[in-house]
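First, one chain by itself in C-alpha cells, the form predicted alone.
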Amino acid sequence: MDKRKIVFAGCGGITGAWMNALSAFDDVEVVGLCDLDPERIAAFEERWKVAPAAKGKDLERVIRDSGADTVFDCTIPEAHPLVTLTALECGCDVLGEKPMAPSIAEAKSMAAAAKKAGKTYAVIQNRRYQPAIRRFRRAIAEADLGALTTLDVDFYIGAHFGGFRAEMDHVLLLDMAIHTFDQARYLSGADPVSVFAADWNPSGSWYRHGAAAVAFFEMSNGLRFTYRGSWCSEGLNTSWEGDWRAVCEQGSIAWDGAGDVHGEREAGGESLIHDFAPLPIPDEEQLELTGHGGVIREFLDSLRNGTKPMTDCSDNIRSIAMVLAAVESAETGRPVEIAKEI
C-alpha cells in the first residue's frame, strides 16, 4: 500500500492528538516538519522518534525537499489561510485544525483554491466522531416526534489554558464555539440563516477578552438554535461536548454531552400539563476510531477512494460562517445574516 507522505505545519502541543491517532495507521509517513521555532521541531522529533527528510520554517521548501503529498496544518488559527493556500499551490491535499480562517473571505478563498487545484482540504471537527453524539443524533432522527423545532446547548467550563488563548479577542466564540456550532449542524442537518449574539469578559476572568457568550441562531427549516457558554466558569462544569436539549413537536430529548441520553414523548391527557412517556433510546454506536483518529482516517480514505470527507471545506465553511457572524453580531450589537455569505 502506498503511504501518504505527510508534512506537519506547526509542531506544537496539538500535534500530540494527531500523532497518537497516526500510531494506528500503516499508510502514512511523516516526511517533513515545519515550524517557526526550531525547538518545537526538535521536541517533535524527539517525542515521536521521526526522522524527517526536510524540516525548517519555509513550508514551500519543506514540501518540495521532502516530496510530500499531504499537509497537516496544526498552526494557530491566524496562520491557516497562508498554510493551506501554500500547501494547495504545492500540489498537496490538506487536513487542518479548526477554525478554517479568521474571516469568511479567507475561508472562501481557501475553498476556492482547493476546488481549482483539484485537491481535498478538510477540517478537524473531532466531535462528529464520538459515539455519544451519534447516539443523540440517532435518537432525534428515530424518535418520530415530528419536526425538530429548537436545539439548545449550554457550555460551561473553567479552562486555564494560558498561551495565545489568554490574549485572543472573542476567545470563546473564535477558539471553541466552532465545535459546538458544528455539532448543531451535524445534529440537526440544518444550516445557518442568521444570528444575534453577544460576548463579554466576566469579572474574575483570566482571559483578556470574550470568555463568555450567548448566541441565538435562525437555522434552515425553521429551526432555532441557542447557545450559552463560558470558558471562565468555575464549578458545575458541563462536558466539553456541552449539555443539549432537542425540542420536537411531540416531545424532547436531552444529552449531557457524555453518556446520558433520555427523552419523553407527549402521551395525552386533559390536565394543564399533559402526560409523558419515556422514549426508547438507541444503543451507542461502536466506532473503531474516535476523535482525531476518526477524522484523519476518513480523510485518508477519501483521498484513496476519490470521495468527499464529511468535514470537507465546502461543508465546514458553514460552521465557520456561524462563528464569524456571531463575532460580527457581538461587535455591532445587531443581527447578522449568514446565508448570503456562503
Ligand SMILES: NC(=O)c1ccc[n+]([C@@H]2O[C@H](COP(=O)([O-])OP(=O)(O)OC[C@H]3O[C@@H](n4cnc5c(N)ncnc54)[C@H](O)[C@@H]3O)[C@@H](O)[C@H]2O)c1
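In this text, residue numbers run from 1 along the sequence as written. These numbers come from a predicted model, not from an experiment.
Another form exists, predicted in complex with this ligand; not displayed. Remarks below refer to it.
Looking at 164-172, 210-218, 258-266, 181-189, the stretch with residues near this ligand in the predicted complex, meaning non-hydrogen atoms within 4.5 angstroms, turns out to be 164-172.
Not displayed here, this ligand is kept clear of Arg228 by more than 4.5 Å at the level of heavy atoms in the predicted complex. Of the heavy atoms in Cys74, some are within 4.5 Å of this ligand in the predicted complex. Among heavy atoms of Ala68, none comes within 4.5 Å of this ligand in the predicted complex. Contact annotation: Asn126 falls within 4.5 Å of this ligand in the predicted complex, judged by heavy atom distances.
Residues Arg134, Ala143 and Glu249 are none of them found to lie within 4.5 Å of this ligand in the predicted complex, as judged by heavy atom distances. Though this ligand is absent from this view, in the predicted complex it lies within 4.5 Å of a heavy atom of just one residue from Leu287, Ala277, Leu36, Ala42, which is Leu36. For the partner-free chain shown, Glu97, Lys98, Pro99 of 90-105 come within 4.5 angstroms of this ligand in the predicted complex, judged by any non-hydrogen atom.
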